[in-house]
Ligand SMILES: Cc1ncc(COP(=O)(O)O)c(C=O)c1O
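Only one chain is included here, represented as structure tokens and corresponding to the form predicted alone.
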């Protein structure tokens, strides 16, 4: 069965881990994987999480099986966190949710669910997009179409071109959107653009599929989902995935949510619930509970929720400060370059305007490691590292200009 398997394609994240491990330079810099690091380079655990775990342990809870739909309390918590307590989709009972093993499983299950109900539907994804998102749809058998979103080499939005591409959507096509802190670019739609996208989906009959992975890392816990909440008020139906990995710092606990928002005239919401239940059960039976239980403990305990909000806001301020520091360092090292895009973008990630070859050169010469699209994790950076990255960026730009001058001579 396995003897002829060879030359299997490597995963870019695992390949990055290996190159990092093999690099003996003591000053190597990891700006790849999407975790928050403090100034010492540690990935800290929130105090609210530790206290919640202690409370759960003290109650001596059982570890018996749960429904394939997972922790119902967690689902209700995340629905309220994403939409707010008074949103129409909650007030009207139009949302049906499953707890999942992180947002990756939620995307995979959502793709499976949609494909089983509408096999001819395609999914429209931004260019660029986080590569692993594509795999979830490909493995479910969903064909992929791309829409122009962001011009990496010029660091500018392509919203007009995005609209032009999306006018080709058909009824029941899926439109993959990042609810906030777009991965990998950090470039988000503004509220007016969210409204335009909502109207486009209504006119074409497409179904939005919104991925919220970084709530609280951009402008604030409520502000980050304002566009998604507006979208859900306008469109008749949508899919939503939520990750708790970043917002609660429980990366390895794999707690996420998949929600189906049905149209007001849906005939049988119970059948939708059963279909969702069977979809996730056939993929992995049920999600692990620990991370979901921790999140529920925090959001159901006023003192812990207050502490969590304070901790998440502190992380967000750190990310904003690191973005500002990187802009300052890059512009100091490159006086002719405008790096203002770094402070207008939101969340962990931005893409440097360099080519794949230039990214490899920075890794070789400066021992700075980034994932595809020259994705920089500002949440993993400190001041010293931002200065080193600015030096590396100046090096490849000077090399690029020298080559262009030589070619034109």
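On a predicted model such as this, the values are computed, not experimentally measured, just so you know. Residue numbers count along the first chain shown, from 1.
What comes next is about the form predicted together with the ligand, which does not appear here.
- Heavy atoms of residue 123 never reach within 4.5 Å of the ligand in the predicted complex, leaving it off the interface.
- Contact between residue 201 and the ligand in the predicted complex is not found at the 4.5 Å heavy atom cutoff.
- The ligand is not drawn, but in the predicted complex it has a heavy atom within 4.5 Å of residue 246.
- Within 4.5 Å of any heavy atom of the ligand in the predicted complex lies no heavy atom of residue 173.
- Across the proposed site, 103, 107 and 130 without exception bring a heavy atom within 4.5 Å of the ligand in the predicted complex.
- With the partner omitted from this view, the residue of 214, 150, 308, 137 that lies near the ligand in the predicted complex is 214 [heavy atom within 4.5 Å].
- 183 is the sole member of 279, 157, 183, 237 with a non-hydrogen atom within 4.5 Å of the ligand in the predicted complex.
- Residues with any non-hydrogen atom within 4.5 angstroms of the ligand in the predicted complex fall in just one of 258-266, 140-148, 205-213, 329-337: 205-213.
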